[in-house]
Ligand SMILES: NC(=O)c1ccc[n+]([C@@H]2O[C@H](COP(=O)([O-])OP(=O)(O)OC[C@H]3O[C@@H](n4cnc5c(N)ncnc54)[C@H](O)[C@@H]3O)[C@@H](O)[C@H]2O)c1
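The chain below stands alone, shown as structure tokens; this is the form predicted alone.
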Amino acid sequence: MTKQKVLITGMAGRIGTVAHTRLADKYDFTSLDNVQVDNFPSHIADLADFEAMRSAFDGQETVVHLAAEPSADAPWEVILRNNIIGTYNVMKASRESGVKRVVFASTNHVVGNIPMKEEPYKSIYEDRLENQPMSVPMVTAERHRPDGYYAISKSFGEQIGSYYYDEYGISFIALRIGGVNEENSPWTMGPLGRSLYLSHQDAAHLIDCSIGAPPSVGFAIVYGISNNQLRFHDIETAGDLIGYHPQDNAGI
């Protein structure tokens, strides 16, 4: 059976590496990044340069858009070029090339001020677990409370994806990703880190589910978090829509 052709922007990065090392047997991957990725067809270009990156999209069925400035503290000018102009160019190139679906790496930071400002989530953020109720209401994809310019750029990405779905019919699945670290182990930053943890296994499963989701999933925003005991983000919707059922748990 012919493998689906999938372009990954930012394939050399942490999550891109998780995806291509764990899913290469299933998909025909091509890389679009600012460096070569060994053993895969690679386009080297800056996403902010439309003419330089445009040809990478030809013949692709799905785009997994992971490339971005990842620092929550990056200045606005850097965020604007890499995350906003870059994402606009990805959507424009996808439309011109006939791409059927874009899977977009959004972030938990889109609702990042919820645990910093709102109870009962703030008790997790401040490591006051004795004050945390046995269960907390899950934060759903309808919520937006960004905690910086990086988060704002990802919220922009979600909204331009909604527009391109409505206007051009391109399926768009935004993944509000939690915390993926190089060591593939729960973060050491306390309860908040363990609530946001996304293991490598679950990250690959999330991307796999998004690429393979049925055409009926036109536009969706879902959370990419492991099945952590302390989590307060809704992953049940991801299970219902795209079949994401994470197996790992960062514990208390």
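Each residue number is its position in the shown sequence, starting from 1. Every value quoted in this text rests on a predicted model; they were computed, and no experiment measured them.
Keep in mind that the form predicted together with the ligand is missing from the display, and what follows is about it.
Participant: So in the predicted complex, does S155 come within 4.5 Å of the ligand, heavy atom to heavy atom?
Facilitator: Contact check for S155: no, nothing within 4.5 Å of the ligand in the predicted complex.
Participant: Counting only non-hydrogen atoms and a 4.5 angstroms cut-off, does A213 reach the ligand in the predicted complex?
Facilitator: Outside the cut-off, so no.
Participant: Counting only non-hydrogen atoms and a 4.5 angstroms cut-off, does P70 reach the ligand in the predicted complex?
Facilitator: Within the cut-off, so yes.
Participant: At 4.5 Å between heavy atoms, is G178 in contact with the ligand in the predicted complex?
Facilitator: Yes, G178 lies within 4.5 Å of the ligand in the predicted complex.
Participant: Just one of V222, L206, I225, L66 has a heavy atom within 4.5 angstroms of the ligand in the predicted complex, so which one?
Facilitator: Exactly one residue meets the criterion: L66.
Participant: Thinking of the ligand in the predicted complex, which stretch from 162-170, 118-126, 99-107, 136-144 has heavy atoms inside 4.5 Å of it?
Facilitator: After filtering at 4.5 Å, what remains is 99-107.
Participant: What residues in 1-32 sit within 4.5 Å of the ligand in the predicted complex, counting heavy atoms only?
Facilitator: Read in sequence order, the residues that approach the ligand (within 4.5 Å, in the predicted complex) are G10, A12, G13, R14, I15, G16.
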